[in-house]
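Here we start with a single chain on its own, the form predicted alone, put down as structure tokens.
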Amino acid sequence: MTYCVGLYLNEGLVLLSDTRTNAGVDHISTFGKMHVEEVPGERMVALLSAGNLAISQAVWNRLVEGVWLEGQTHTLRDVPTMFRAAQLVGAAVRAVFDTDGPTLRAQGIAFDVALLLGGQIGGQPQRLFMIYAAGNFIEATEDTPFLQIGEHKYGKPILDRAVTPDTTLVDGVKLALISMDSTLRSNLTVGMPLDLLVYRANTQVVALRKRITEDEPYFRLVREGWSNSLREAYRAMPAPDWVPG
């Protein structure tokens, strides 16, 4: 399992993923789940993955080599729009399913993959999509300015309460890290280090890409500060007058 989150903000995009893969308690490894195709000044496209590692790696390799879409072979470096990029990722997922799905099914293994695709191409608007195992997808909107894949339930409450399209990129980074920390504390299948990408709208270039380890001072500050703030907040709330003292 993994946890990836993408924030769709007026200022840009914040993308965050963990790096843990888990095939049982004796088979825990670290693999990056964030891939980026960047042509500075022309496009920035990032793909985050959750689910079966072999499936997600096969999807990415097909995207690098080229995927057949509407009569032509394309990669993320030449599709003309982000919508076409989402279609291309969906086509890659279906191609991997056609190749590997029957064998996986025969072994009793589910075809488990989910992906976040975010970025901007040319002068078109930035966009953020979530692609399902069937190859279909949904898009983030102003009403729902974040998307999650993987073990998302622990990190969702803070995002529901705090993220709006007007959230700044700096605050978005803080909220994404708090969301990840909540997941790390509650689920051992999600683990450090973390991969963070910040994209400022209309630049077509990555503003920040950073691997965050256990030794990162700011992440330690976020973890300790958020825990202390939660304890102080519940203690400050008045006790219900219908509970005996």
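For clarity, every value in this text was computed on a predicted model and none was experimentally measured. Start at 1 with the first residue shown and count on from there.
Keep in mind that the form predicted in complex with another copy of the chain is missing from the display, and what follows is about it.
Original post:
So which of Val96, Leu175, Leu88, Met82 gets a non-hydrogen atom within 4.5 Å of another copy of the chain in the predicted complex?
Top reply: Flagged contact: Leu175.
Original post:
So which of Ala133, Met130, Ile158, Leu104 gets a non-hydrogen atom within 4.5 Å of another copy of the chain in the predicted complex?
Top reply: Checked against the cut-off, the match is Ile158.
Original post:
Taking the partner as it appears in the predicted complex, which of 203-211, 47-55, 30-38, 62-70 has residues with heavy atoms within 4.5 Å of another copy of the chain?
Top reply: This holds for exactly one stretch, 203-211.
**OP:** Evaluate Met192 for contact with another copy of the chain in the predicted complex, applying a 4.5 angstroms cut-off between non-hydrogen atoms, and reply yes or no.
**Re:** Because no heavy atom of Met192 falls inside 4.5 Å of another copy of the chain in the predicted complex, the answer is no.
Original post:
Closest heavy atom of Ile138 to another copy of the chain in the predicted complex, within 4.5 Å or not?
Top reply: Taking the distances in the predicted complex, the answer for Ile138 is no, it never comes within 4.5 Å of another copy of the chain.
Subject >> Proximity of Asp78 to another copy of the chain in the predicted complex, heavy atoms at 4.5 Å >> reply: Asp78: no contact with another copy of the chain in the predicted complex.
Original post:
Applying a 4.5 Å heavy atom distance criterion, does Tyr154 contact another copy of the chain in the predicted complex?
Top reply: Yes, Tyr154 lies within 4.5 Å of another copy of the chain in the predicted complex.
Original post:
Heavy atom within 4.5 Å of another copy of the chain in the predicted complex: which residues of 36-55 qualify?
Top reply: Counting only heavy atoms within 4.5 Å of another copy of the chain in the predicted complex, no residue of 36-55 makes contact.
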